[in-house]
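Just one chain is shown here, as structure tokens, and it is the form predicted alone.
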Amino acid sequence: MPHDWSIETPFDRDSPALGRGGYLTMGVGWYRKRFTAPAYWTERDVDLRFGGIYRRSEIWLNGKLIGGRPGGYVEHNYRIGDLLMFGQENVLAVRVDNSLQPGSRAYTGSGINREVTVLLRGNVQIEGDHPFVTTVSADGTLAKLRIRCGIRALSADAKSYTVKTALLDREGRLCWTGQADGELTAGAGEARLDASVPSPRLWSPEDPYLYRLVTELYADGSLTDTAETPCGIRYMCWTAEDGFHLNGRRVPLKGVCLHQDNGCLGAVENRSAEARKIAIMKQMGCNAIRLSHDPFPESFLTLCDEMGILVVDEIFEEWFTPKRMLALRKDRDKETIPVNYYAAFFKDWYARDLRDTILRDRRHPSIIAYSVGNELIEQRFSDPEAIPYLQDICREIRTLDGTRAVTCACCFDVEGADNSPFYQDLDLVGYNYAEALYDEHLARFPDRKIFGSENTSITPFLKRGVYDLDDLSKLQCTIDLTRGESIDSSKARHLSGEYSMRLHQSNKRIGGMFIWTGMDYLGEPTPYTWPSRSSYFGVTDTCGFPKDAYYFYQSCWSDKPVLHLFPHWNWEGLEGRPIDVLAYTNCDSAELFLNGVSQGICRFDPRQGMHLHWRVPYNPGTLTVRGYDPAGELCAEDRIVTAGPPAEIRLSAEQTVLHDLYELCYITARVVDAAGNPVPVDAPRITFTPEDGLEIVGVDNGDPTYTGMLKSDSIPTLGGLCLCVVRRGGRTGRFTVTAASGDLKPGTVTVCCE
């Protein structure tokens, strides 16, 4: 565990999951574990926790059904102490039913895809595992915190409680201590403490400083539960005048939407994969992530706390009205079909799923808002039946956590949607692909707080490193960035992304933007059908390799000099044809050279977008671009070389030391010519061979149309790149991974397993 069986199956054009589900096999699966319960478990309350099971789970222990969950993304716990058989074998069985297909608008995976944990605790416990710490006020000299510690008693014997707490800084120095005593009434209680912290260090994306709250719970004088809670001291607010504020300053949200799958790993939770995903986004200049569109694993939120990412925590993808989608059965097929997702369970389960999610997530300082839905049918069509549910959901969130804004990712493509009473109960309204309405709505609803919850990225519907010269040429028609374009083409998508960026940069009343998406994900290959089995929307592919669009956002969101030149310069047979050459940069100007001959200095032209452009007759050789600051000083440089035939494979490992069985090493294979230049146009198949101390978890190349197995040891390259992910195989030592392909010189890399 965690495990996703769907990613282990072949891509199948006839899969009932269709393209939205990545053409993979779902169905029904069983898990069984036989174990002996240690004798010391009899002294504690034993809880079995599933971080998530996709989906419609049934959990059996020693032949007795102990529970289950129809949805797939919410953590659930079961008390199992009374059912355990000590001194003999126990059997835990889990049935997972993901056979109702198509089951989502994107890939979900199948199985026990999040962590499974056994917790041993006393009969009086801290509710939600952790106290809830909020910042009442803070400045450079003093922070005032409020600590709420919910308590539940599993037996009627306990009468009183004592909660002892201590706040420690990162170095372990004591900052504050407190104690609260009380009586347990009807098996419950809540301790409330107020803390004062001198000279606090405030949590922010630039400085994600975490304190540690150590809590001990005593019942009738006996220690029964403990918790260590990382906590960030920070305060925030949203205003209609100038968006989001953190620690007293305006912070524009430079965000991406992310799905939960981890490429060739499938939909499994893995801290290494999630930390890598977040790091790639941060290197682009991203400071915020919208979780699309259901609760993520808690490990992801913990990483956002530690790495400094602001989070919009989305709880529901749909309510009680099923969404419909294009079937994507064949080219140009306009058939729409309903999705078998959460709607059938919503009315029976939304309250419990909501409460469990908020109690788990509210301790994370990274969360700045809770989203109660995404493109809800009820919101789009102003369904009056939805209003009581919205009011109940908002009331419950504010009861459990009144410190975050409540929002929803909304669509305004149906007449009357802008005047719906739906928005009256929200603190904050998210706009999906509705930038053109900002000014009008801000004038009509001056008190409305809004942000771009989903915005088109500039990524064209092409594979990473693959270029259509006609599309590149079309980008250079005269445009007006004061308006968007609605036609469905690569050109329009690119320009609407630039239009969206300029609008968000210029209007401080908008809280920020979240592009769709930061990374490609399995399923939803809109607008394509088979063999496309994953999305094209991301600014990185499913490997995490940057597309050209990545550098556009980096140039807008990063303070460091950025200069990125494209396309590649291998156009054999097109000698003399004018090629459109583009650059993304935050330099003041740039000069392009072909084989040392200047092709001219280029500055930004509002009529041609937020990129630089030259038209250069193709000649093999070297393209070099030099970027200059306003004073005319060189501040950045990039170059592209016409590559010769493939000659060698070069490997690079992102992490060369593995500490446990769950830690992953991502290895990039790059094909180069005899001079070491990357080869962008050939696609040799590379086979990876690890020594006995390592095992391959998956391979990928970022190609949305590749339908070979991702659980394999070989894969063709795309744009000269592919990826191999390995983990340790149980032994310690230094082990080598070799990559080979025909007559190419093999590549090797060494990984240490501790």
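The numbering used is simple: start at 1 and walk along the sequence shown. Predicted model only: the values in this text are computed from it and were never measured.
Beyond what is shown, the protein has a form predicted in complex with beta-D-galactopyranose; the following relates to that form.
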{"query": "T357, heavy atom within 4.5 angstroms of beta-D-galactopyranose in the model of the complex", "finding": "no"}
{"query": "Heavy atom of E115 within 4.5 Å of beta-D-galactopyranose in the model of the complex", "finding": "no"}
{"query": "Contact test in the model of the complex: W319 vs beta-D-galactopyranose, heavy atoms, 4.5 Å", "finding": "no"}
{"query": "Contact label in the model of the complex: E524 to beta-D-galactopyranose, heavy atom within 4.5 Å", "finding": "yes"}
{"query": "Residues R20, H293 and E375 all lining beta-D-galactopyranose in the model of the complex, heavy atom within 4.5 Å", "finding": "yes"}
{"query": "Contact segment among 675 to 683, 367 to 375, 151 to 159, 660 to 668, judged by heavy atoms lying within 4.5 Å of beta-D-galactopyranose in the model of the complex", "finding": "367 to 375"}
{"query": "Among the candidates N586, N432, T542, N270, the residue which, in the model of the complex, approaches beta-D-galactopyranose to within 4.5 Å (heavy atoms)", "finding": "N432"}
{"query": "In the model of the complex, the one of K277, R234, R105, K547 near beta-D-galactopyranose [non-hydrogen atom within 4.5 angstroms]", "finding": "R105"}
{"query": "Within 529 to 560, the residues that have a heavy atom no more than 4.5 Å from beta-D-galactopyranose in the model of the complex", "finding": "F537"}
